[in-house]
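Presented as structure tokens, the chain that follows is alone, the form predicted on its own.
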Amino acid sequence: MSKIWFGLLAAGVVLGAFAALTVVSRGLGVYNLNDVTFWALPMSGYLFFALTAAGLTLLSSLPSIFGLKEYYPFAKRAALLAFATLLVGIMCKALDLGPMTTLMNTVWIGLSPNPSSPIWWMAVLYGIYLTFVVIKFYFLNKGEWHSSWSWTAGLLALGLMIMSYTALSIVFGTADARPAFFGHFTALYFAVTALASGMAAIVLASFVQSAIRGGMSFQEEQAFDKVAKLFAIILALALFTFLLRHIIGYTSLQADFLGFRHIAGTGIYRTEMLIGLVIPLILMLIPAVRKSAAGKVAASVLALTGMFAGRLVMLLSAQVKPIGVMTENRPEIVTYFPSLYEWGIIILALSLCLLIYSLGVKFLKLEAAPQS
């Protein structure tokens, strides 16, 4: 791979590391957060990468757990991408906590369990989930696709993904004070968008790798034609949940949905709808475009861009309208724009994720698959 590419990724990691060290040393004051908008860009990075990892984990499990052997060509790279996205997602969440003193206090999460807390379950499950994702990739990289150890690790990774995703959905779904998180509907929204972003990530990564290698095998082309059709179906489901959420947000009589309606009039909301859902779906519904490499890549890039915007839309929809005592001496709707340090965290996460995958492309045979 190009030295320029690795140089760009290294520059992104260095810039992002500076932002991360600043946050750790100086605290959350370097973010444009307050007691109203307390979850913003770093938290949206956590949601984006963690949910993408969930979609990738499911995709990597299709041949090994569900016996769909036609999807072998992308299983190994999906497993590596699941690790990379989950790792940087957890990093974004850690840096959302702020200074080193707060980060060190998280050690007590494991030492003082609180099983009644969804956040406690989320933290613990994601840690175990990451462990089994690593173990699963280890066996795949050794070529042990059908061993009992590999199957067990894959099944546990899939099961822990489902449990971690469920805990994450509960954290937002049970936030009764903020109905614009859309309650238990959040679980459905997370599920379909996780699959959409996971499919977009694997399609984009695979076609970039094939461009570097000089093309795909016939088996790979067949697999990705099927993935493209699944991608279109998942995009349609994601658009349906988006429109359903939109209708609920505009027809609800609860005053808290004023924040959602405000965000619905912004460019970031239109980015989620048009760039992330409508245009990619149209591209995937046109057979000639769906079968072309350029069409798949374009749809994937657009979908991932819109999905990232959607994570921030979800967070801000429930926060920009102050509630309770926070309404005193504040405007009806507060404004928010990420600071440079917040963008730095996202640059770090994206650069590190791409660096892990690029090193995998260079040194590991990610296209490897069993013969039967």
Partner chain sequence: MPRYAMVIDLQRCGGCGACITGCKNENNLPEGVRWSNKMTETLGTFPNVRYYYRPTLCNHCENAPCVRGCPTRALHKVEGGITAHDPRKCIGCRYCMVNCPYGVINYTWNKPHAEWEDDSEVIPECTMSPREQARLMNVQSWPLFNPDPDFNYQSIRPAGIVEKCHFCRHRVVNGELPYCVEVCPCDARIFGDLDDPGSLVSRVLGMFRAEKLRPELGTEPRVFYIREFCPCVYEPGKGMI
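In this text, all values refer to a predicted model and were calculated from it rather than measured experimentally. Positions refer to the first chain, counted from 1.
This next part talks about the form predicted together with its partner chain, which is not shown.
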Problem set entry | Contact residue in the model of the complex, chosen from S252, Q222, S117, T266 - any heavy atom within 4.5 Å of its partner chain | S117
For this session: Go through P99, G159, G183, G143 and name the one with a heavy atom inside 4.5 Å of its partner chain in the model of the complex.
Result: P99
For this session: Kindly indicate whether W39, I109 and T327 are, all three, within 4.5 angstroms of its partner chain in the model of the complex, using heavy atoms.
Result: yes
Exercise. With the partner left out of view, is I170 within 4.5 angstroms of its partner chain in the model of the complex by any non-hydrogen atom?
Worked result: yes
Problem set entry | Non-hydrogen atom contact G29 with its partner chain in the model of the complex at 4.5 angstroms | yes
For this session: Determine whether any heavy atom of N34 comes within 4.5 Å of a heavy atom of its partner chain in the model of the complex, and answer yes or no.
Result: yes
Exercise. Do I333 and its partner chain share at least one heavy atom pair within 4.5 Å in the model of the complex?
Worked result: no
For this session: Could you tell me which of 275 to 283, 145 to 153, 70 to 78, 89 to 97 sits within 4.5 Å of its partner chain in the model of the complex, going by non-hydrogen atoms?
Result: 89 to 97
